[in-house]
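Single chain ahead, by itself, as structure tokens, in the form predicted on its own.
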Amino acid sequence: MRADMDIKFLSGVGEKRAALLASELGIRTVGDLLHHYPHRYIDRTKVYRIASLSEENSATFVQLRGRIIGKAFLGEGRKQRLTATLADSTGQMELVWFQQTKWVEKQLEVGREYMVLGKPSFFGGKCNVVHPEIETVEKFLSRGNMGMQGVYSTTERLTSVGLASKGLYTLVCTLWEHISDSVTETLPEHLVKRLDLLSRRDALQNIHFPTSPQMLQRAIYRLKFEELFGVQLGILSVKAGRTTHRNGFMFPRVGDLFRDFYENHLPFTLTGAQKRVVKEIRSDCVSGHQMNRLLQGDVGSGKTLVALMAMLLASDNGYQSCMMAPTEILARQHYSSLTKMLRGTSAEGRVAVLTGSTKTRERREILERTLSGEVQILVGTHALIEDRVQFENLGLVVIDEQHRFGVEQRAKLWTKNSQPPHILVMTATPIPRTLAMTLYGDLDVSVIDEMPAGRKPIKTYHLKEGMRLKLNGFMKQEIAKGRQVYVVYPLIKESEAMDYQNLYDGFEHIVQEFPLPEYKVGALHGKMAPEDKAEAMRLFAEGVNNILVATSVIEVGVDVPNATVMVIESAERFGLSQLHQLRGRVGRGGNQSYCVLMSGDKLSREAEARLGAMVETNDGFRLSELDLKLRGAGDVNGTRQSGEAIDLRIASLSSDGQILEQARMVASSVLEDDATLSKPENRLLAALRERYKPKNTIDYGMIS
């Protein structure tokens, strides 16, 4: 049986079940089913006595062995249920079914002995099990699997067609009978021996049918290693391919523009971390290789200043630069910051901004000045990738928050010169090391881990609704000092499914509590027209409005040093990374700033952990590690990229850091010895690399 065979042809599936398996779990082939691993296991060697059950057992599955001594239908219509009495030598209990009652009743034979699996519950001192799994003792013993039984994730729709966990387990048993002898190895023998790994066949057998807890752990390790090793082979191969090509523009000259800016126009003294990163960028740009560097830095750490210094290096060497941002607000914010920092230098007036809302005449003028080389730095949104945007000599591309752009969008920028420009990717989203090694493993990484001198840590508080009056009083105190306040809501329109405050209701509440003429309140959200957004930001940035009521559209790119208070309503609705990004909108001046997390009274344990972490620390990297543990890597920190799909079936970036480190080390050593994986002993690895080849990277070195 081939792994790519359609799942509908497996005995016990058929067309209807196959369609549901595909839509519910993404299982389309028998190979997909083979890699649908159990998420936990039940010890089938232990059999409980009925008399030994107590409330302590109600949260866990227990296995019972007893005889059915009676059965009956109770109730009528939709409320009808089937009950059966199970007895062993210590007592009796009731088994109950509310669904598929007629089918179950036909399977139950009074006087016959059964194995029963389920979670016991207690009511009025009596014990029962609702919807237990049940099979005859003879059938149970005939399987010969008296050890650990896998529990498979499923859905209500699959359960309704007999594919609850037990049904899936039965399908896997059927599949293994047909496929076990045709499982092929994916790792070369020399690696399996060197690392003392199980064979792939043994690993798959023991992940589904463990012969012991020890063999289960070895199976899990082998399968996790294979996934992470395959991913790292793909990522490191892309990186190696880039660095073997000597196709990078050379920026050997540190000229007058860079020197003048560094000596006379720095807005603040560079931190040690900023100096280190500038040196790393400079080293890349004289190496002869194309730079492909990720610049991580917390909100307010000075990434834009470092990017500007890199762009000045490009200018001194006769090259233009562009900076692409994901939103118009952020693009215009960058343009404003760069223009302000370059005032008084020879680059003043040679920066332009291009967005979707740029007027036709202005757009034409910017395009002409860019093509002629008069514009040295072009800032913009995805409008920069349009074919009509042409440069005289583009040498450096800076991308802010790159995870918001698709692969194809980014690739268009690389083709705007005869060879690919240097790439500097910036993110204000701190990324845990294990995640960075996977999502951004083909990039060289720089980290700004110091804040500029004079920045005061933001004080963060978690308040519940009963403290609303106190919060309003605090906001008025800050406004009386001449400060400004953000109030952020998670929703624009009211949702019937959720009773969280929304922006419209919130705006009306704020206006009532902070009336004219003493207070002025503005609003900003993602569905406003670009010109209305710009006007709302202008009024707040210029201090006309005291309060800006907004959605998380202000998460990035809004820089108002006079704003000292960030109030986040229904804070439990936001992820840790988003909360940290929002908090970073204040604390950008020299005044003490505050972040207030407002929430409902009833919070989940995870929400309490998130909000507690925000109060405890301002360290974005610590928060990102916690976010990874709480939410997993699927969409953590917003770093899941457009077009990116890391197919991890069993490995976890949040908990398998050690395996990932080893996988990367082994992949690196293999590629160092055989970069193309063309040696006979590495034949299998070429196929594994292709299977896990990252879809979110571009082979920069091959672009010409």
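Here the structure is a predicted model, which is why all the values come from computation and not from measurement. From 1 onward, residues are counted along the sequence shown. If you superpose the two forms and keep the largest set of C-alpha atoms that fall within 1.5 Å, you have the rigid core.
FYI, the form predicted together with a small molecule isn't displayed, but the following is about it.
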- Would you mind picking out the stretch of 564 to 572, 264 to 272, 248 to 256, 153 to 161 that comes within 4.5 angstroms of the small molecule in the predicted bound form, counting non-hydrogen atoms? 264 to 272
- Query: Tell me, which of L305, I510, I385, V397 has a heavy atom within 4.5 angstroms of the small molecule in the predicted bound form?
  - Reply: L305
- Message: Counting any non-hydrogen atom inside 4.5 Å, which residue from S593, S301, S321, S624 sits next to the small molecule in the predicted bound form?
- Response: S301
- Message: If we define contact as a non-hydrogen atom of the residue within 4.5 angstroms of the partner, is D316 a contact of the small molecule in the predicted bound form?
- Response: no
- Is P452 a contact residue for the small molecule in the predicted bound form, using a 4.5 Å heavy atom cut-off? yes
- Task: Verify the contact flag for R588: yes if a non-hydrogen atom of it lies within 4.5 Å of a non-hydrogen atom of the small molecule in the predicted bound form, no if not.
- Result: yes
- How about E401: is it within 4.5 Å of the small molecule in the predicted bound form, going by heavy atoms? yes
- After the core is matched up, is the C-alpha of L312 off by 2 Å or more between the shown form and the other one? no
- Task: Could you tell me whether the Cα atom of H131 shifts by at least 2 Å between the shown form and the other one after core superposition?
- Result: no
- Item | CA of P210, rigid core aligned, shift of 2 Å or more between the shown form and the other one | no
